[in-house]
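First, one chain by itself: the form predicted on its own, in structure tokens.
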């Protein structure tokens, strides 16, 4: 090999490579660089710098051509992503449009993506709850999926570690089903949310309404000021990118922190085609990257590789990483890669009105979204005709009424007159789905994307367990709303396809046995020790909690283990 080639390889060699710059990828970058490792972060989308690249963040409604709404043409061109609540005129630029990276739906599935530095951490709902042992032990109790190789005690200190840095607001609620964390002050419930909380406490045992826990700086600490972040302003324009850094994102927090170490190299417009496996060394040597725009192919090398491309794309990369040793995808000796994909069921909601507490109204906005009802079904024993359970959101606000009759000056005056109406209350379901072999993603054998990579085929659907769970949610919430004295109760089965919850999990699940899982208890491929997965693909089951806090904790823990293993010469 010529000196020129040797120098070129050295220039493309790092201690660690992280694929993806979203919530888990950003944490991997922070942890590796802080520990002194020269780290390359690869992002397939454009660069988005904190504050600089939030073009709509301070715009008024009248400054948008369509006042924030989507045109019919945009909806027609984007039948999938336009279903997402945050895909609006003020944030469209942070979403992947349907035609930009197509996929094959063997069964209806809404795949919502954000290809840019920071990924979906710019767009997430920022809800953060820990898992309890009741969640980790679920598969072992009922025999669905495989046993998690970890429990809460394995993540407890890591949860605390990421909570302190990210900034999580919440109360110490003392619930076995939802462990308390290291919290900033909670965003309080309003009068009707608090009324519902007290009513549930009086009427039911084991059913709680708490202030939602969220990744917003209600009262920043020095570590947050050190990141350049400030107090949440309660604007609730988070999907635009927050110039104050009031909520946690890779862009405002972990990536700038990693950049300050001098150990970070960030390359946007880098589509990872595959992880390169070295047959002689018996481990991965690097990654093959295609320039998003020029299609030029480059290889980068590292001692350790973290695949954090978001659950479905992580599966795609591993499945496409084929070698003589791994003809069916990297680390896929078990044959489970791409299988047992699960998600959350958000397809039911319920709304009503409340005529009481009219001496109160709401003033300002709550970035936490109101209340949270932790799971109360099948916690300690099987008590229903379905497995696992559901959590729920709960929100209340005071409606306004305007008289739209009349014409001219009278109509203008009436429209400007804001009369308070009854309280509006609502809840949405957050149900756990059971990982099944029949829910899978795989590579298409013929169709390829713009970069020559096989399209992904997605075959994921609800089942009878989901239908029974949804029925129970609507029945129980209707009963609870009735007990609270709410009127005009309307239960809604949205009938939406899987995926719109944007909580895809599994495909490269953790487990004890290499014959039935892809990753071990350290998020390390059983069959390729220097490759780790700590995004949603690693999840063995989904529980009911929003998953991002767990991804962060798993990532920090796995990086710590990987660096110690490197120092011992084990990788």
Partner chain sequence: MNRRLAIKQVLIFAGGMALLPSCLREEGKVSIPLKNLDISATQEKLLAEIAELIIPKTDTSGAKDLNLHLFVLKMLDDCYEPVDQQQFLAGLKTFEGHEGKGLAQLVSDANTGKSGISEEVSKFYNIMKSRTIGGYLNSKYVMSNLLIWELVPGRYNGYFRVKSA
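Keep in mind that what you see is a predicted model, and the values were worked out from it rather than measured. Note that the rigid core is defined as the largest set of C-alphas that superpose within 1.5 Å between two forms. Residue numbers count along the first chain shown, from 1.
A second form of this protein, the form predicted in complex with its partner chain, is not displayed here; the remarks below concern that form.
Undergrad: State yes only if every one of 194, 402 and 407 has a non-hydrogen atom within 4.5 Å of its partner chain in the predicted bound form; otherwise state no.
TA: Spot residues vs its partner chain: full contact, yes.
Undergrad: Of the residues 84, 237, 276, 455, which one places a heavy atom within 4.5 Å of its partner chain in the predicted bound form?
TA: Contact check passes for 237.
Undergrad: If you check 366, 169, 332, 314 against its partner chain in the predicted bound form, which one has a heavy atom within 4.5 Å?
TA: Flagged contact: 366.
Undergrad: May I ask you to check whether residue 361 falls inside a 4.5 Å heavy atom distance of its partner chain in the predicted bound form?
TA: Output for residue 361 is yes: heavy atoms within 4.5 Å of its partner chain.
Undergrad: Is there any non-hydrogen atom of residue 59 lying within 4.5 Å of its partner chain in the predicted bound form?
TA: Residue 59 belongs to the contact set for its partner chain.
Undergrad: At the 4.5 Å heavy atom threshold, is residue 244 in contact with its partner chain in the predicted bound form?
TA: Result yes; residue 244 sits at the interface with its partner chain in the predicted bound form.
Undergrad: Decide whether residue 153 counts as a contact residue for its partner chain in the predicted bound form under a heavy atom distance cut-off of 4.5 Å.
TA: Heavy-atom contact with its partner chain at 4.5 Å: absent for residue 153.
Undergrad: Okay, which stretch from 482-490, 461-469, 418-426, 92-100 lines its partner chain in the predicted bound form, with non-hydrogen atoms inside 4.5 Å?
TA: Partner-contacting stretch among the options: 418-426.
Undergrad: Does anything in 43-80 come within 4.5 Å of its partner chain in the predicted bound form by heavy atoms, and if so which residues, in order?
TA: The stretch touches the partner through 57, 58, 59, 60, 61, 62, 65, 66, 67, 69, 70, 71, 72, 73, 76.
Undergrad: On a rigid core superposition, would residue 413 pass a 2 Å threshold for CA movement between the shown form and the other one?
TA: Yes, residue 413 moves 2 Å or more.
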